[in-house]
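Shown here is one chain on its own, the form predicted on its own, set out as structure tokens.
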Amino acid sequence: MGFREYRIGSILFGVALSSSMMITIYFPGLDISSVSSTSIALEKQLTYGKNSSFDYGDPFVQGKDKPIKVLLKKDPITGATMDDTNAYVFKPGTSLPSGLVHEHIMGAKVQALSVSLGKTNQVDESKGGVFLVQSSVKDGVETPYIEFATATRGWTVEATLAAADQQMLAGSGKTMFVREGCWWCHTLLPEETHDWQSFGRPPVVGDFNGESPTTFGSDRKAPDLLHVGSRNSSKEWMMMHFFNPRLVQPHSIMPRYDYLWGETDKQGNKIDLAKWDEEFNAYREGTRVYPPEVPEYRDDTEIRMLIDFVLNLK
């Protein structure tokens, strides 16, 4: 009987902790799972693919097993001119996002339209395919859905890539964003304060269905990047910023990412970082008029992936 108080206290502590976890995690989880995907969530799923961090399809976190986002200005089959259209190409064997694998992820209405109008029930991961984000309006309510264009329009992977006016490796780039720790300083979550004026519209719950991980960030030491592609769409500026942030902001604390260029530039010339640093130091000291040129990256480099991801944030 001497320890009766401790037993009661332990039981009460357990009840309080369990109740707290139910209130803060379980019940909000039920609410979140009942929210339908927005068009932004569908675009994210089709841009980023299955997972943007460690995954069995990409164990060394190199941006593999990812779809390709393309800009189309003509029909891949007929060649007819069309309005600028974003399409999402999954090569054969590329892992599908959770919205195309688990029925409850997108929401009941979005799922139903994706099957009835978009023919997503015909998707075969081993064969790959091309996807679009569409919307349907009924009784004044607009509902987004995914269209499997390979089934509805006959767009094949090969024809779509060949017809693409632009290809973006933003899905692989998000993996770089996570791997390189960019979210330790940059958030992707403007707050409902004066952030509206500086960083753009805060996201809503339905914007994150099926995204893994969300990369909200936890400590903003640098600007929010959720809509940065709308504020700054210059690839050249991004190249300078990632190669050496001090080129564009002398007091920046951001680390250099010049190693993501690899050993050679786009022309196949070896990148001499020691010489570049020597010329840059001369520029900072005032003995050189212009800073050294930043090497143009090859199309298969990790920096291309990362910059594609950042420019895709709109």
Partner chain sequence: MLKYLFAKEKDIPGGSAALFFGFSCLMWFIVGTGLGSFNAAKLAFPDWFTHSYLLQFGHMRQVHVHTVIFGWIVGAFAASAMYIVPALGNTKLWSEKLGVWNCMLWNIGLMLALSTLWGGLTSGREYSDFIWPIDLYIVIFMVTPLFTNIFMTILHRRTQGIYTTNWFFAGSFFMLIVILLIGNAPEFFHLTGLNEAYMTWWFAHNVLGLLITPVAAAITYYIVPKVTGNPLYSHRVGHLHFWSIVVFYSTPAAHHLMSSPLPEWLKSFASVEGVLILVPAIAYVCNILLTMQGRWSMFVENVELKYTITGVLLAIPLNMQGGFQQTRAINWYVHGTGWIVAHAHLALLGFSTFAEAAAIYYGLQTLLRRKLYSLSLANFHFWMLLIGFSLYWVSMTIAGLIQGAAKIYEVPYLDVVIAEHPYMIVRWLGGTLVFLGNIVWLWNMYMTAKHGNKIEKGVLPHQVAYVR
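It should be emphasised that the depicted structure is a prediction, and the values quoted were computed from it without experimental measurement. Numbering follows the first chain given and starts at 1.
We do not show the form predicted in complex with the partner chain, though everything after this point is about it.
Partner proximity in the predicted complex, defined as non-hydrogen atoms within 4.5 angstroms of the partner chain, places exactly one of 217-225, 148-156, 112-120, 79-87 at the interface: 217-225. The partner is absent here, but in the predicted complex a heavy atom of M254, alone among M254, I40, V70, I271, sits within 4.5 Å of the partner chain. Looking at G286, you'd find every heavy atom of it more than 4.5 angstroms from the partner chain in the predicted complex.
Interface membership of G210, defined by any non-hydrogen atom within 4.5 Å of the partner chain in the predicted complex, is confirmed. Although the partner is absent here, E263 is not a contact residue: none of its heavy atoms lies within 4.5 angstroms of the partner chain in the predicted complex. Although the partner is absent here, E180 is a contact residue: one of its heavy atoms lies within 4.5 angstroms of the partner chain in the predicted complex.
In the predicted complex, K50, N51, S53, F54, Y56 are the residues of 37-57 with at least one heavy atom within 4.5 Å of the partner chain, listed from first to last.
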